[in-house]
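First, one chain by itself: the form predicted on its own, in structure tokens.
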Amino acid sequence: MAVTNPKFEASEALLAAYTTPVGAAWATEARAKAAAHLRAIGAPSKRDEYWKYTNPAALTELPTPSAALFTSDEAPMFDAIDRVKVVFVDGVLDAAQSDDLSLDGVEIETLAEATSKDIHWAKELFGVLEANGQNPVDRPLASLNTAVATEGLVIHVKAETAKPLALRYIHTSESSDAMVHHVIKVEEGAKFTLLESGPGAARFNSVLEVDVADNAEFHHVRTQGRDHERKTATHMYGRLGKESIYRSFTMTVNGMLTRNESVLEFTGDDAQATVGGASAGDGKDFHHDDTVFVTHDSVNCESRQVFKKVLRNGATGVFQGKILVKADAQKTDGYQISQGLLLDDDSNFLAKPELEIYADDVACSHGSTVGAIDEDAMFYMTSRGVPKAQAQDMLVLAFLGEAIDEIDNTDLADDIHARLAAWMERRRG
């Protein structure tokens, strides 16, 4: 009697749960390759090396686990910023709530439009960066996304843009299961800023493939929605050309399960990349996982990973970060820091920092720390009349602020600082 493997049964069930998209031959081929890869590796399980700290069951189970809707009178993120807004409701583009998709120096199409054309520049990127990022670590949920996603944007940036593009994800159905796939090409010398906010859906799976050409810049700031019960898996793939800049920052509060993966590859000399995140978790149901893999394959490139997590009431935070420096990537400067601040004895911070270096002229470092609130600082503040709860929040904000300060745009950083302070004040109240 043949023995079945739950990983492969789960991957088949996931693929069968979605309708195979119809499109041009090149898009169909990319989707078929992604589906074949998922079948070959199976769905993720806790026995996989890069899933041992995070149980992926809620991200793969069928039918989709429900998530109660979250309501708030707080204004949406980035509303005070001059931007082009694009709204997705439960993973589906809502043209009525979106601005006109026009931005000087940028061509924007839906994924469905782009993948229906026999000839399109996205052929060189759609599913390509995601497939490259499957080696040496398998990323099955990204393969699933490429295989079945029909919603998303295809963005061609040809010049420096005057204002950012803001994607807002709205969750309206307790059983929504959304797949969104974006493809971005930033041409040589161009500069582009992408903003993302909102929970997306009850369960949200997103892939973002970004090709940053020589001397180009890509800036990304994301805030993940405050729904308490949402389950999220995001994947960002970046390819950096010569003297290019890539910056990405994510702020997360609330949520039952969040897994953010970033996979970057330096393919041109003298490039710079920063990937950072700050998260605040409250409650034993909060589980937040940042998994990063940076490959240096060019000379004189710099990468930074800066992640901070504040956890209380049994919350769990995970960081898995790796820097791979290939033999020809001399003069690499790779920096990685992950820090957890535990506000009680029930919370957990699990870290797995890694360096794998084959070049001999490098400056690479990694560090990971976990601890409690500084008692001396707390005593100093309370002895001068600051209430204990308020003093704790001020120290927490200072701790997370070091990661938020990695954002290049001060207006965006100030907005996130203010939102986080307001959230903590409401919690204190």
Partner chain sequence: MLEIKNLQVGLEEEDKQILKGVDLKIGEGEVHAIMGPNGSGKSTTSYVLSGKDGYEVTGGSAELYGEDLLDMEPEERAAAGLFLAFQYPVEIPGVGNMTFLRTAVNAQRKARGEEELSAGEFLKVVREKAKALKIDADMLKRPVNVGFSGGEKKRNEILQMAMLEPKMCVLDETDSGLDVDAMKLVAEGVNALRDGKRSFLVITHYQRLLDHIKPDVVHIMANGKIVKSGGPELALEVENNGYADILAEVA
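Model, not experiment: these values are computed from the prediction. Positions refer to the first chain, counted from 1.
The form predicted together with the partner chain exists for this protein as well; it is not shown, and the discussion that follows is about that form.
Kindly confirm or deny that R47, Y50 and P56 each have some heavy atom within 4.5 angstroms of the partner chain in the model of the complex. Checking in the model of the complex: none of R47, Y50 and P56 is within 4.5 Å of the partner chain.
Look up in the model of the complex whether A377 has a non-hydrogen atom within 4.5 angstroms of the partner chain, and give yes or no. Flag for A377 set to yes.
P387: touches the partner chain in the model of the complex, heavy atom cutoff 4.5 angstroms: Yes, P387 is a contact residue.
Answer for A398 alone: is it within 4.5 Å of the partner chain in the model of the complex, judged on heavy atom distances? A398 belongs to the contact set for the partner chain.
Hey, in the model of the complex, does T382 get a heavy atom within 4.5 angstroms of the partner chain? Within the cut-off, so yes.
Tell me which of 26-34, 65-73, 387-395, 356-364 has residues with heavy atoms within 4.5 angstroms of the partner chain in the model of the complex? The contacting stretch here is 387-395.
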